[in-house]
Every structure is written in C-alpha cells, then in structure tokens.
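A lone chain, given as structure tokens: the form predicted alone.
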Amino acid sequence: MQKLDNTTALRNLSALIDFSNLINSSLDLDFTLNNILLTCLGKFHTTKGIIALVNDSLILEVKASKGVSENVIKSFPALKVEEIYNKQEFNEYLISNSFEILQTINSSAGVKGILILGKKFTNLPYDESDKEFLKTILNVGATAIENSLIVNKLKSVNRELDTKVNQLKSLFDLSKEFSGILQPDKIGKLLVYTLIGHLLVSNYAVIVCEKDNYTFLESSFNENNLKTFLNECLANKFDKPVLSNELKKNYSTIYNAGIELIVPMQIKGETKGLILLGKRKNNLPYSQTDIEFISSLGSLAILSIENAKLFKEMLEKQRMERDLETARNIQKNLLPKTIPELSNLSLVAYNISAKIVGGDYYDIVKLDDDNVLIAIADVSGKGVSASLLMANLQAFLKSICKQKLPLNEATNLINDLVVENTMMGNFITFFWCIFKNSTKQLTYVNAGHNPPLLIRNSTITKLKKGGMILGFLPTTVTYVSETIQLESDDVIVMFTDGITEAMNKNFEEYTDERLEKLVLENSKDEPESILEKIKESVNEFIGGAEQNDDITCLIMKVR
C-alpha cells in the first residue's frame, strides 16, 4: 500500500513538472489558460470548466472555457472577488449549470481569478486529494497567468503609446498644413480625411458656427436632419464631447440620424464649430484617447478657419482703404488749388474732412476778368459715394458756368441734373454766388444750405434766398436769386454745418449763436485772421472729441 502511494505521488509530481514546463514555455494568456483547463479536465475526468479573471474594474470576467455553451458563458454573473462565496446569484449559477468545484487562483499580488469545474464522469465527488492537487496546479499556473497578464498589459501600453505617438505626429504635421491653407472649405476637407484615416469614421459632418448661424464645411449625413437638430439646439450648448449614450438620452433626433459622437471646436473656451461623427467602420467605440485626439484636431482646424476669415477680412479692409484713398485723391483734386486775386475782394478758404473721404465741397471759378463764382456745398453721406456725387456736382458746375446763364436758371438746371444722376436719399445743400469786382455786386442762390452771414456795421444779415436742396425733387418751383450791393469792409462767412454742429465730449453743439458772436467780434479783422479764430474756437470747444462731419469755411471781405 505504501508502495502504491509513493507511485501515485511520483506520477503527480512528474505531471506537475511537465505542466509547469508547459505553461511557462509561453507568455500567451490564452495558451496558459487553455492548458490549465485541459490539464484539469484530464486529471479530474470532467467535461467542462471555466476560468474567470479579475478585470480592470475588479469584476470577474470569463477568459477561457471548455465544454460550456455560449449561453452559459453569457449568463456568468457580474461578480467581485469578495462576493465569490456569498453571492446567492453566483451559487445558483454554479448549481444550475452543474459546476461541482470552485477554486481561487492566487498569486503574491492577491486573487487573480477563479476556476470552476463540472462533475466527474464517475459521478464521484472531488475528494481532499483532488482539491489539494487542484490548488497545486493553480498555484503553479498563477505565476504563468500573472506573467502573461503583465506582458499583455505591456503590449497594450505599447500599442497605446504607439497610437499617441502617431496622433502627436499627425497633429504636428497638420498644424503646419493648416497654417498654410486660407480657404475654410479646404481646411474642412483635410480635417475629415484625417479623421477617416485615423479612426475609420463612416459618416461625418464639420460645422462652423457663428452666433446663431452655421455653415456646413463637410457632411456625409443628411443635412436636412442635421439642420432640424441645429435649429433646436444652439451649438454653444456643447462645451464638451458628447457620446452616444447621452445623445440617445437627451438628443434623440441627432442620435437617430446616426451620430455617435459630437466634439465641439473651441477657441478660448467658446464653441466655434462642431464635429459630428457616425460609427467607426471597425465598430469599435470611441475611446478617451480618440476623443482627445479629435478635440485637439478640431482646435487646430477651427483656429486655422478663424485665421483664414481674419485674413480675408484684412484683405477686404485693405481693398476698401485703397478705394477710399483713391476717392480721397479724387476729392482733393476737386477743390481749387489757387484762389483768384481780385482788387476789391479778399477771400480765404478752409476744408478738413472728418473721415478719409468727406462730403463737403467748395469751388472758386474766375468767369472773366470782372466776375468770379464762389460755391460751397455739403453732399449727403460720406466715402466713395459722396466723392462720386461731388465729382458730378463739380462737372455740372463747370459745364453750366460756360453757358453764362443767369444764376437762378443755372440752379434749376443743376438741380435737374443732380436729380437724374443720384439715387433716392442722396441730396446736396448748395450755395453759390457771383461777385462782380467792378461794381462790388453779389448775386447769389441758396439751395437749402446754411445761410452765409453778411456782416456789415456789426449787424448780421443771412443770405437765404433761393429754393430747396439739390437732388431732392425735379425743379417745379424755380429757384430765385438775389443781388445785393456790397460795401467796403463787408464780410461774408460761408460755412457747412460741420462748424455749427461740432460736438464736444458732452455731446453739446458749437451752435450758430456761438459762430455769429465770434464773427461779429472779429469782423474788422482780415479774412485770414477771422478764419484762424473760427478754427481755434471750434477746436477749443470740441476739446479733442472725434467729429463725424466735415468742416468747410470761406470768408470774403470787400475792400
């Protein structure tokens, strides 16, 4: 009997040595688990067994099985290590599936998993020697399992590192690519191609949001379905990635359209666009690493799109500035470069625009040796349109002057020409006069302009005779002119409302009264001196406040 026991012990020892050599010959987890199971089935004469290992969530998960149906594996209950011996659901699972014995797999790091085996062919129960031998097998196998798990973990970490390195390299390359593209649609295409290449995305949409509006840069989804969603949900609601579970729960419309992931594209925490993705072609879920990569990619793309928009706006601004500079040169050339010298009249003029291109105009035309025409006008609007209207006015004025018509008839004609050549809403306030040097007579027509001030003997007379502003309606009521006999030392001040309506920082106007008081006090001075005092007074009043209107002033003094 003693000899038989020794023989059995030697066989078990030999079997354990062979078993140890076998499972330690490989670091493949499946190989190790399958050989543990096969050894147990052969040793204990049973037909089925399961090995479940503890996963990262500390839940037992079936990793290998023999002789067990798929349904039995699927019905393996969610089980923590500490629940192995006291969870009723697990006990019922063992009994209902005729599992006879359970043994934990222990290593120096703790419980790694469990092994469960079915009944023996002989229907004999597992005796103590069987249980001891099973413990021995699993003790030997535990080391092999732990080594295989460590190798698997290392492989997984290496794969993750490789993925990270590839994604980082892609982001670096794309940052250079994006910076060289100034068309948002091309940036959208490059973004989509990158997503397809890295993540095997089946469907996608790249949407740029601006306030309540949105633009599809790229989309393989039904855009009408997405528009319904975008109209219901403002893009700025999405300040972090949203996965399919939340989409299904809170945004069923978009989930039913096939969207699995929404990633906002943000600049300084503000959502400027959205990346919408469908399922991956390999059916893998989007991992946290994938989402971080998509977010980084989206941030690069939206930054480049914003830069492209800013570059386009800068080009447009430069083009407008060139146009305005051209208009400014045109306008400057419209104003007289010299002032005719007359024996009985001193005349000075001043013009400054509030913007690059203003709307004020004045002209001085010597008609012959005895007559000079003086005009001042304020064209509605600013910029290029005002400059063009001003050019029209000058052309009309120069042309009509040569016809030597009476001033009132000439005004009728110039009004009709302006009406024919202006859009609705554009008009001109206009005052012009002819000074006859030999007789000191002044004939004028005022077409809705600020009445020039005639100062004689410390009294102001306003030159109002004329008619309506130019360009408002065709001439039905003819303009009237007035001829006045000027005397020596008479002063006439012509001006635009940029002077009387000049505003200080308290939004107070300079006013007609302040101008009239100033010219009355200084009417005995020479025109140059009066003009300087007006400029000083206005500048002192506004105190550096930005002005919205042009300033033009002409001062005549009869000798």
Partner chain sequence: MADFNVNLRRFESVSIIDVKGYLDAHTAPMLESVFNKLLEEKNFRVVVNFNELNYISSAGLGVFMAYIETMRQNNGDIKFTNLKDNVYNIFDLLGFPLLYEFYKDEKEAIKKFIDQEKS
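Each form is matched to the other, and the largest set of C-alpha atoms that superpose within 1.5 Å is called the rigid core. Since the model is a prediction, treat every value here as computed from it, not as a measurement. Positions refer to the first chain, counted from 1.
The next section is about a form of this same protein that is not shown, the form predicted in complex with the partner chain.
- In short, of 384-392, 253-261, 277-285, 404-412 it is 277-285 that has heavy atoms within 4.5 Å of the partner chain in the predicted complex.
- Of the candidates 344, 75, 228, 166, 166 is the one whose heavy atoms come within 4.5 Å of the partner chain in the predicted complex; the others do not.
- Listed residues 320, 243, 480, 196 were compared with the partner chain in the predicted complex; 196 is the one with a heavy atom within 4.5 Å.
- Of the heavy atoms in residue 189, some are within 4.5 Å of the partner chain in the predicted complex.
- In the predicted complex, the partner chain lies within 4.5 Å of some heavy atom of residue 177.
- Interface membership of residue 159, defined by any non-hydrogen atom within 4.5 Å of the partner chain in the predicted complex, is confirmed.
- At the 4.5 Å threshold, heavy atoms of residue 212 stay clear of the partner chain in the predicted complex, well away from it.
- Relative to the partner chain in the predicted complex, residues 518, 521 and 539 are all farther than 4.5 Å at every heavy atom.
- Once both forms are fitted on their rigid core, the CA atom of residue 197 lies 2 Å or more apart between this form and the one not shown.
- Annotation: Cα of residue 404 displaced by less than 2 Å between this form and the one not shown, core superposition.
- Relative to the superposed rigid core, the position of the CA of residue 169 differs between this form and the one not shown by 2 Å or more.
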